[in-house]
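Presented below, as structure tokens, is a lone chain in the form predicted on its own.
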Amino acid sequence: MILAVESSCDDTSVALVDMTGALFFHRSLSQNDLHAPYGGVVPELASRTHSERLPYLVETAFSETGLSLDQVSAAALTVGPGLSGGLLAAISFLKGLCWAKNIPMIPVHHIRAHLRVAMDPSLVIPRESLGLVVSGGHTHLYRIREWPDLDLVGQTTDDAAGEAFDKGAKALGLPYPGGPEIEKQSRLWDGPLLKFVRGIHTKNPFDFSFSGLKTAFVGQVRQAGGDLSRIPQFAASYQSAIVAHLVSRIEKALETFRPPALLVGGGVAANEHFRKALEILCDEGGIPLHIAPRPLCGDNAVMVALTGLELFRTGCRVNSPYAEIRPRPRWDED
């Protein structure tokens, strides 16, 4: 078995898979209610909560499956990129757990895990594919030279797409996290959309930028003077503008690189409007699209388990619990 832990931000998640990749256990505990009063993730609060919840989740995994630590061949965990405190909470916990049984630990790259779960784990990711991770902390586009080697093609120059959704929701007085709330309100509107910033320019044609769009949106919301009846229109317009900007950059990349596949993961990939736009784009271009299943778009231990299993099979980066494993909050795609 592979025991996997994800704690890079504010979701505490544990999974168990066997050597075929079959899932025996997966559970995630959200911290949304804890961070909602602050309008965003408080790192210190997140790390303390991970430390409290990880022992409970691991114990639950074994008790509900009837498995034991003796049956674990390796423990996979996210070591970066992410929030230092949350990463350290999992590293410290698993080092103590694995030391007693001399269980190897597999450091997993958070971005690679999001991309790996976008495609069926039984399939090989084609060389020269493109991979997009779009979430609250990342809006990064990669060229996958040969899995798992990634070359960064484009990234956000300011806010990530998920962060832009959160800030837009806050301007509308909607609860945190903002992305699902914006999407929910958008479904209530089928009329004309408002226009915000169009033709956003960046030095790198594959880069993303949301700050100007966000500023224009907040300005129009303020001009509306708190008219609650306009929230669905504002939400639908803002969602449409964010998705249009994402798709415009992806379209340029597809035209330039003509990849054999596009892989998409991250929390924003759960957005229905975005998924449909990508499906249309890739269908028109004849490029296979692989998007993570909605339940696995956000941070989760299944993606860590499957990536860890892949590394375990190849013997790549497997460390004993005695080896130095440290948080890598800004882990480059080396």
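All residue numbers refer to positions in the sequence shown, first residue = 1. It should be emphasised that the depicted structure is a prediction, and the values quoted were computed from it without experimental measurement.
The form predicted together with a small molecule exists for this protein as well; it is not shown, and the discussion that follows is about that form.
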{"property": "S135, G178 and G266 all contacting the small molecule in the predicted bound form, non-hydrogen atom within 4.5 Å", "result": "yes"}
{"property": "F165 within 4.5 Å of the small molecule in the predicted bound form, heavy atoms", "result": "yes"}
{"property": "Contact test in the predicted bound form: E183 vs the small molecule, heavy atoms, 4.5 Å", "result": "yes"}
{"property": "The small molecule contact in the predicted bound form: G298, any heavy atom under 4.5 Å", "result": "yes"}
{"property": "The small molecule contact at T307 in the predicted bound form, heavy atom, 4.5 Å", "result": "no"}
{"property": "Candidate stretches 298 to 306, 56 to 64, 283 to 291, 22 to 30, one within 4.5 Å of the small molecule in the predicted bound form by heavy atom", "result": "298 to 306"}
